[in-house]
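Okay, so here's just one chain, in structure tokens, the form predicted on its own.
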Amino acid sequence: MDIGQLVGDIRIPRLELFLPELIVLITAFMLFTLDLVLSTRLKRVVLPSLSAIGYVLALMSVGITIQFQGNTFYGTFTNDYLGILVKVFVLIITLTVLAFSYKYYEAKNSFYGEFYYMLAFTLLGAMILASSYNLIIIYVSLELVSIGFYILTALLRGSFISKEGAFKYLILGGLSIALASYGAVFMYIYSGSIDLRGILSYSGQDYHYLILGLVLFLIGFAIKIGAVPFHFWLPDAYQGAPTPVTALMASVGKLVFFIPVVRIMPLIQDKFSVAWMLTVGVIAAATMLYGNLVALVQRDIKRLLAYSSIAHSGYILAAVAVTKEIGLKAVIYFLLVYTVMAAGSFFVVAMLERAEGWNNEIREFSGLRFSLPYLAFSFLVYMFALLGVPPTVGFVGKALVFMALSFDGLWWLAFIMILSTAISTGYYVRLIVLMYMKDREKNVTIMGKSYAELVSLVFLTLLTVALAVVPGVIWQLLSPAASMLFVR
């Protein structure tokens, strides 16, 4: 091939499809450069402000990309309804993480300029991961998100558990990437394609490589989402990380790590529907039961919420096992609303950690309504949402999963889901009883609350209720995404 032919084959990428990611990429490099040249005093003002401006512009540009759907970069990047929906939630949650980070790191005396550009690169990886079927792009974006989380977890000055959590996360994260990579290799050997749609639509004679590849690929993602028995890293990493970062991992991380599985869910079910239902169903049941049972005996609130996060991976996996379109809709809905519930609950803890003498012990929630009524009320709403009490998004999410299971005749899994939810009542209601029915353990005062924090908290609390009161809003948005994926 001569140079003329090579140049002639080059296609100009459709950058309008990649506009939000491009804005975040530019923001990340600007933050990186400014972190090198600015004084510490200026960094404290410029880096958070520039991050916020970049993310708001990216969020606005997502609206523009709705009219420009399709593939670009030689089919490796796909801008569709699902990707757009995920990017909206990912950007909103990252903006709220920014709002809670400034005061948190100030109180912990742990300001690092690296936090802002690592957050931007992590966000970039998450947005790309939400928009690709290509194995190489999925690998690169998965690494970008994971490396960002490893570093952000360790950014707490003088904290041993922060470093320990980051180290465990790094080891298990490396294992998950290795397994997913081996899985990708076997899938390529089977089909000769690196596009997941091409791999799963290929009709080869020998399915062994495909099955082995899929198993390894999915185990890699199971580690990332904390599904049992691949969950060991999660409680330590969640407890050790700075709490705004824990919120990011529990919300944005869980959302985008599930998306590649969601994208190929109908394609896998087409080939292996019975094996898929049984395997995913068993993992979902074990994850729900284990997460909720272990959460019952936790004394540290971050570890309790970490095990709650494991249990919620089980609820989402239960819907993943369903082979009908309603299952896909339930998965997408639950993933989106869980980002709001999980982020909100960890943000409350992030604010409480700034109170003098606060040690994240559950007993310290006693009588919180007397000291901080607005914070207690927000936490009450998040606990009700995580438990699945109406009128919150958690209730609608669990009702959808139950409905999807019943449509597919998975009654045994629906029963385990109800049993798990009943078990979870023990620790969610315990926190509510401590806050509202017990005398105060201590007078909790948070110094230096910012307007950005309060506005974000009110916004997320309202969203937790509003998306349940008018579920049609989000349903109208996710229905085209689910219908587009569920083509048989």
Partner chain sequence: MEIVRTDFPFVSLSIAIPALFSLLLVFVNERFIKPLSLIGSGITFLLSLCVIYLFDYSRGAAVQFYEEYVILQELNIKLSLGLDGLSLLMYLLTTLVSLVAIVWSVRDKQINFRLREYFFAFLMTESFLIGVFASFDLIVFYVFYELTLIPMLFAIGVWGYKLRLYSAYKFFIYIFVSSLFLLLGIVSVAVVHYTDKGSFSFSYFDLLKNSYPMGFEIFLFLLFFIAFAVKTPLVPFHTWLPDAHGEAPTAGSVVLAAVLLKMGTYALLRFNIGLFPEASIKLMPLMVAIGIVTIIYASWMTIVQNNIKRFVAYSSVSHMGFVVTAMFLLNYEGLRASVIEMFAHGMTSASLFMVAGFIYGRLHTFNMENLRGSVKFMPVFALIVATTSFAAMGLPGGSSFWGKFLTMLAAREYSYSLALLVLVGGFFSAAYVLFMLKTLFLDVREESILIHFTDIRGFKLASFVMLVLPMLLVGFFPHLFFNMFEGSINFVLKNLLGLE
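Since we're looking at a predicted model, the values are computed, not measured. Positions refer to the first chain, counted from 1.
Absent from the display: the form predicted together with its partner chain. The rest refers to it.
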| said: Contact with its partner chain in the predicted bound form for V433, defined as at least one heavy atom pair within 4.5 Å: yes or no? | reply: yes
Is M437 near its partner chain? Define near as a heavy atom within 4.5 Å, in the predicted bound form. yes
Would Y202 sit within 4.5 Å of its partner chain in the predicted bound form, counting heavy atoms only?
-> no
message: in the predicted bound form, does G448 come within 4.5 Å of its partner chain, counting heavy atoms only?
response: no
Answer key: of F415, Y74, Y207, F232, within 4.5 Å of its partner chain in the predicted bound form (heavy atoms) is F415
Its partner chain in the predicted bound form has a heavy atom of only one listed residue within 4.5 Å, and of Y188, W276, F395, Y102 that residue is F395
Partner contact check in the predicted bound form: of 171-179, 224-232, 368-376, 350-358, the stretch with a heavy atom within 4.5 Å of its partner chain is 368-376
- Message: On the criterion of a non-hydrogen atom at 4.5 angstroms or closer, are F384, F407 and V469 all touching its partner chain in the predicted bound form?
- Response: yes
Those residues of 376-396 with a non-hydrogen atom no more than 4.5 Å from its partner chain in the predicted bound form are L380, F384, L387, G388, V389, P390, P391, F395
